[in-house]
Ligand code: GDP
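The chain that follows stands alone, in the form predicted on its own, written as structure tokens.
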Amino acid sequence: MTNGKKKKVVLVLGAQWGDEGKGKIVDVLSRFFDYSVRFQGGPNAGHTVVFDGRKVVLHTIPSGILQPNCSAVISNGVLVDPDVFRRELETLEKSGVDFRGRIFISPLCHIILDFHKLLDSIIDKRSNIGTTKMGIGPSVEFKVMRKGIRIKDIFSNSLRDKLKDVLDYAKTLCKALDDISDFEHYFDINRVEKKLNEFGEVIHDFVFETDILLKRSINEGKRILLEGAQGILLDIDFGSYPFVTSTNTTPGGALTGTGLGPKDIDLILGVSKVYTTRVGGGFFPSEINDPELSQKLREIGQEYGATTGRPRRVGWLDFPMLRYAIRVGSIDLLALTKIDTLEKFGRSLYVEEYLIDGKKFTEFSPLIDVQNIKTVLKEFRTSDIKNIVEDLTGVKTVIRSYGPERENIKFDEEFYSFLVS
């Protein structure tokens, strides 16, 4: 597993459409690491962790903050919503988590402004993608157009000039897209500037050049856990486009989102449920179309979005999709979650392959005709899931989760030895 080299940097990625239970996996792993790092996405991702009988949902701050030995890094690829971030700090305080001196935010993070959310809502009415309406897409668009506001701008004397340019452009764009009159407050420069200045006071002690911090920590032999948001199938390039998120959820996103290089990452762990879920629109070959059956699985697994509360669409474990995610994500090892849900559900099936016009496909491709996919289903016993996944993917399964609590988890002996060494 380690090839004679002591591994220090582990990347955790969702191997499906997100909501795979990465929050719990990262939380449990973080006790073996010095830093837990979010590198892409924004508060549209929700990582749920249950410990000591309490449920904590984090959207921006990495799950590792819940382990007292681990510091949390929000690196340059993350989009930060001031309102959401402040609420998360309040949640941590109420949960008794001492985070002082353990949160680091890159000054290069882009900020989600209120008009980004307005734009998100306006645009989604036309496209029907099914976004979270949290301003993720528009904030990325403004970033690419060089009209983004970053954390470092809050502390700059040129903040007001930058805001004027951005707000003028955004107001023109909103008026062109939707003839609504009650949105002037979104572009009130005094209001926006005041809000950002207040946010600056909250995060002042957290701001740090995280790329330097991470490189220095690697050189010092510290252990780093990179925490992906969403899943590989929502990647802006390799996902189920256009029903995807606005950032790269594959390993490349971990590099551009942190400033690390390819040689810095030692191991990639993919996380997959033993069934499949997704939210929003888009194709879903393994979806359970029986309303009663799908609702039963949804209720047992509590498949509702951690961020929006939206009911997730549910389906069987899809091996053509999983094989694709393993290849695109360069996944070395796998963690399986929600095994207990299928045990309670009482029925377990998986998609072995696709049939399209009589041809067999054992791996998904963005080029195939998704409208004509017929799935080949096979039934299995949940007790056999480890062997089935390893046989059908060729990837070793090193973590299996049987419930929401930290204790409901089993480690492969060799992998656990690597963690504690």
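Numbers follow the displayed sequence, beginning with 1. If you're wondering where the values come from, they're calculated on a predicted model, not measured in any experiment.
From this point on, the text means the form predicted in complex with this ligand, which you will not see here.
Next on the checklist: Checking a candidate spot here: are Tyr241, Pro285 and Gly315 all in contact with this ligand in the predicted bound form (at least one heavy atom each within 4.5 Å)?
Outcome noted: Checked in the predicted bound form: no contact with this ligand for any of the three.
Next on the checklist: If the cut-off is 4.5 angstroms on heavy atoms, which of these, Ser139, Thr337, Thr247, Ser75, is the one near this ligand in the predicted bound form?
Outcome noted: Selected residue: Thr337.
Next on the checklist: Can you pick out, from Thr393, Thr48, Thr382, Thr375, the residue that has a heavy atom within 4.5 Å of this ligand in the predicted bound form?
Outcome noted: Looking at the other structure, the residue within range turns out to be Thr48.
Checklist entry - Can any non-hydrogen atom of Phe411 be found within 4.5 angstroms of this ligand in the predicted bound form? => result No, Phe411 is distant from the partner.
Item to check | Thr341, heavy atom within 4.5 angstroms of this ligand in the predicted bound form | outcome: Although this ligand is absent here, Thr341 would touch it in the predicted bound form, with heavy atoms inside 4.5 Å.
Next on the checklist: Using a 4.5 Å heavy atom cut-off, which of 362 to 370, 35 to 43, 348 to 356, 48 to 56 contacts this ligand in the predicted bound form?
Outcome noted: Result for this chain: 48 to 56.
Checklist entry - Considering only 21 to 36, what residues come within 4.5 Å of this ligand in the predicted bound form, judged by heavy atoms? => result Heavy-atom contacts within 4.5 Å come from Gly21, Lys22, Gly23, Lys24.
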